[in-house]
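Here we start with a single chain on its own, the form predicted alone, put down as structure tokens.
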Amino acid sequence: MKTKPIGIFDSGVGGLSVVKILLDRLPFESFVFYGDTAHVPYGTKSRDELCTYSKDIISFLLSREVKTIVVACNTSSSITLPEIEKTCPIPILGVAKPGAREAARVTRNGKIGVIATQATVNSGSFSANIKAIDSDYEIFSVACPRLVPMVESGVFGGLETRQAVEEYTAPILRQGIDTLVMGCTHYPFLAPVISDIAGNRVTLVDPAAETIEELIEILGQNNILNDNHAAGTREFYVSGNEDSFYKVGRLLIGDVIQKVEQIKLD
């Protein structure tokens, strides 16, 4: 059981920001990654669509005999995880709650900004999770629909990206926030641009790091942390174009990605 892989899924390449931390913190763990690129972006999808996608992907990951699942997508974590975790036969965790915990931990003035997909913003999950820690915190959220397509197409900077980030963050920066949650796993790949625009008085929160810390705790509690110290295996699957994911993915995390296989779950 300890040497079985960890399952990870996202709508696309954004979940690789979680994989990047996983590789650093748990280098001996094997994993199976599924990017639902045929349906990206998730932020515009209905709750029913998202539930269908998540259930299909979880069934696929379970068929690969994973020992735990990381929902490396803030939209799915916010909207579908509360439902699907009730029936998942293995430990499953998302990125929204860890991100909220980290934001509450690092804020100094209690004013927290959240940039996310439209669906995540509409769900109010980050606000609810942060206020569950301290109801006095003020949360300012904004949807950033143009950012996910940019990352998916391999655009991580440039004038268009900067203009989009400036447009989205301006209203919440005017609120005097001191903490900004990158509430979509695609956004950390735009962190240099976001940080430059937000300024050094604003702390950026990437939920991926806290998510992996929670994963380590879960693996330890269930006695399934891999202590074999042999090189882990890495499998990458997508529902859409495998070549596109391969090219952009290697830009993001390097030659960890050796092969990408297309498997449609519809």
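So that there is no doubt, residue numbering starts at 1 and follows the sequence shown. Treat the numbers as computed from the prediction; the structure is a model and nothing was measured.
Keep in mind that the form predicted in complex with ligand DGL is missing from the display, and what follows is about it.
Engineer: Which of these stretches, 157-165, 103-111, 182-190, 86-94, has heavy atoms within 4.5 Å of ligand DGL in the model of the complex?
Structural biologist: In short, 182-190.
Engineer: Going by heavy atom distances of 4.5 angstroms or less, which of Val40, Ile57, Ala198, Ile212 would be at the interface with ligand DGL in the model of the complex?
Structural biologist: That would be Val40.
Engineer: I need to confirm a contact call. Of Leu81, Val148, Ile177, Ile194, which residue comes within 4.5 Å of ligand DGL in the model of the complex, counting heavy atoms only?
Structural biologist: Exactly one residue meets the criterion: Val148.
Engineer: With the partner left out of view, is Thr117 within 4.5 angstroms of ligand DGL in the model of the complex by any non-hydrogen atom?
Structural biologist: Taking the distances in the model of the complex, the answer for Thr117 is yes, it comes within 4.5 Å of ligand DGL.
Engineer: Can you list, in sequence order, the residues from 64-91 that come within 4.5 Å of ligand DGL in the model of the complex, counting heavy atoms only?
Structural biologist: Contacting residues: Cys73, Asn74, Thr75.
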